[in-house]
Ligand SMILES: Nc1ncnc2c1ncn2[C@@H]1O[C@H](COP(=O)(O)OP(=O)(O)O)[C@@H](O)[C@H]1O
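Form predicted on its own, single chain, as structure tokens, below.
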Amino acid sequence: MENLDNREVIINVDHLTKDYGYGRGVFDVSIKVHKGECYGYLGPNGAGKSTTIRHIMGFAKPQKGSITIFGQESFRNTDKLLGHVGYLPGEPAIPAGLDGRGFLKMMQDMRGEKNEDRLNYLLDLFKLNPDMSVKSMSLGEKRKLAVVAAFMNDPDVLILDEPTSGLDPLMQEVFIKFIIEEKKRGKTILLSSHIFSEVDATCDTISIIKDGIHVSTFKAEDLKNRELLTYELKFDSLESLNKFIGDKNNDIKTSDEAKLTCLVTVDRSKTKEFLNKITKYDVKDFGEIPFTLQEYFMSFYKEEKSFDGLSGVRGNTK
């Protein structure tokens, strides 16, 4: 797998701070999005994702830190950058007096660029009728219109804030496949979301944000290929279960006497040794329990403690 970190940095957020008071804002946030990378920005509503993205787009000036796109400070060069960046806001403001085609033409005129073949491809892909009035569009149709507007001039950089919010499940799948194809075409993408499946399917690097602070940044592959594995074992008898639990060399997470099961963690390098070991017990069935992005994310929101990260995941913690 190619090391994305060796590529050119396209979006560089360096120690961004914007303090609105009362614990609201973003604090010492740093992001590096490399060329051809899809960077996931994961957190619940109100965690600071949209605040970060508005600063990246140059719509607000940082109190501390700096932000560049293509090496240019975004706050001072917003007009220059808009022609090269596709932006999808979390809550698109679309004038109600226009129809879809009128809105798309307005956006083309603002950017000074038209790509009718690309526009027609996107309208067909997302099943959008551009001749509908904006006023009569559903939330999902307005979201699709905003998606088409963000992508229609085929920009090299895409900054997407909750892109599938309001889309039905079918269109969410279409969007995910589309993002994967865009990444293959070499696009650089920053994708903010609270939908785990969306981030898991598309992103190379992921940052988790909580209360305006990055609590972990890691490679998606590291999460999938972590060092510690979890297995569930089911035993033939309570005696056999208790015998296994009584072995102090086994790293037992939980056990259930009623179901005759237990969960055990095993170092990936010792998997073969573990499989040989359980043949000595009356194990009726066993299987690996996948560790998901959602489970890792929730570990930061379920427990108020220092963020020690996950074994096998290279994370930065604060």
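What you see is a predicted model, and the numbers here were worked out from it, not measured in a lab. Numbers for residues come from their place in the sequence shown, where the first is 1.
This next part talks about the form predicted in complex with this ligand, which is not shown.
- In plain terms, the part of the chain that comes close to this ligand in the model of the complex, with a heavy atom within 4.5 Å, is 41 to 49 out of 257 to 265, 283 to 291, 58 to 66, 41 to 49.
- Site annotation in the model of the complex: the residue of 54, 32, 277, 35 reaching within 4.5 Å of this ligand with a heavy atom is 54.
- Heavy atoms of residue 24 reach within 4.5 Å of this ligand in the model of the complex, making it an interface residue.
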